[in-house]
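So this first bit is one chain, no partners, the form predicted on its own, shown in structure tokens.
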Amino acid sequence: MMAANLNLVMHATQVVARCLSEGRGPAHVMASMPALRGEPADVRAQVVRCSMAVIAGRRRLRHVLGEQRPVDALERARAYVMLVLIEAGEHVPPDGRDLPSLQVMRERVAAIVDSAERFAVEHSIPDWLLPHFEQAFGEQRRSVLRALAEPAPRTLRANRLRVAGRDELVERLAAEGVDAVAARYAPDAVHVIGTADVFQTHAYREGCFEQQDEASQLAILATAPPPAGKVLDLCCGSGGKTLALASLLGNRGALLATDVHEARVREMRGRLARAGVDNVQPLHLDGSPQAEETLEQFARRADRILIDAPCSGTGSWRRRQEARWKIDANGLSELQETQAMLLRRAVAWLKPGARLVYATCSLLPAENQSQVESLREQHPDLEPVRLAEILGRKVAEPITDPTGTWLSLRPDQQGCDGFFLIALRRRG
């Protein structure tokens, strides 16, 4: 075995052990591991990819190990890492030769009698989630789940407040030894080729780009704020979509970006400064009367209210594989209640002619179409604005449902995160 592979097994074992015990993703764990910071970018990328594969396939790996599953957490993590290497056709250290071969692994999964359990183990998802994927995709669920287990592309958004467009960004990155190519759907999106650390570039420090999946970029295009309009980003998080909206508006108009998590709002402030954004007002929703008054006054004048709602995150598993194990049926019900509450609040503020834009990175109808149907039953004055009208039929056709009404993205079809978005307009 090559030394690089031995280092991979060693580092990935340590990362996986901590991920499984702490419930965090590899990137967060690795940030607190000094030994890994000194490794080359390609080694760190391999460690992330291997660790993500383990977290994604944890149920399947646990099943195929059976009684061979070590009791010690570090030894168990090492066994998982080597099984992932075996699945990938890679060589493993001598102590991995007693592990099941790829053929034996497949046979052990195939031997599961119950077909639903066998499918869930094969694709490493919780049993309770399987009916949701069946409802959403039917016979295509296998294709979707396979895509969700694959690594996500590294996608950047050219910040038009700093560069003329993605062509200039590609040139700037190439000058620093980073290869990137234009993405297929979003006009400002580029995919990074290779493992170069883009966050060590002058282009990053000068705010020329943000890392953002193509699905999220398309969501901003679908939000379509009017020139110099007023936009409320109700669940802004650390500001990814807020920054994209500011870029789309060319720093004109006004954006109010709110979130209940103070740390995320604080992080967004730093990102706004680096990106050259000056039309955004960040607001921590701390429950105070002042914050609520600021929110309501702006919302009632807003042209767009964007709800990028808290959700199960099933569409973004490729980036956060740990998310598939962090939620259960009760957790999904709580998320649905939160989504419905946010929609009710936004509708109460929505002025005639303005649009409520509801989005999730979920693939589950219970969080998407069902929420919209319920809302429209309660508020018949809301009408969907077809994305074919907003983006044009040619642009909308490959990224929307067959009617051209809502954004409908899947990793196995468009290659980006799974995503849902619909724009609802209050009739004047």
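Residue positions are given as counts along the sequence shown, with the first one as 1. Because the structure is a prediction, the values reported are computed rather than measured.
The protein also exists as the form predicted together with a small molecule; that form is not presented, and the subsequent description refers to it.
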The small molecule in the predicted bound form: contacted by all of K241, R264 and A309, heavy atom 4.5 Å: yes
Per-stretch contact check against the small molecule in the predicted bound form, the hit in 159-167, 231-239, 117-125, 176-184 (non-hydrogen atom, 4.5 angstroms): 231-239
Partner-contacting position among V260, L74, L102, A329 - heavy atom within 4.5 Å of the small molecule in the predicted bound form: V260
Single option in A348, A110, M341, A273 placed near the small molecule in the predicted bound form, where near means a heavy atom within 4.5 Å: M341
Residue contact check: L285 to the small molecule in the predicted bound form, 4.5 Å heavy atom: yes
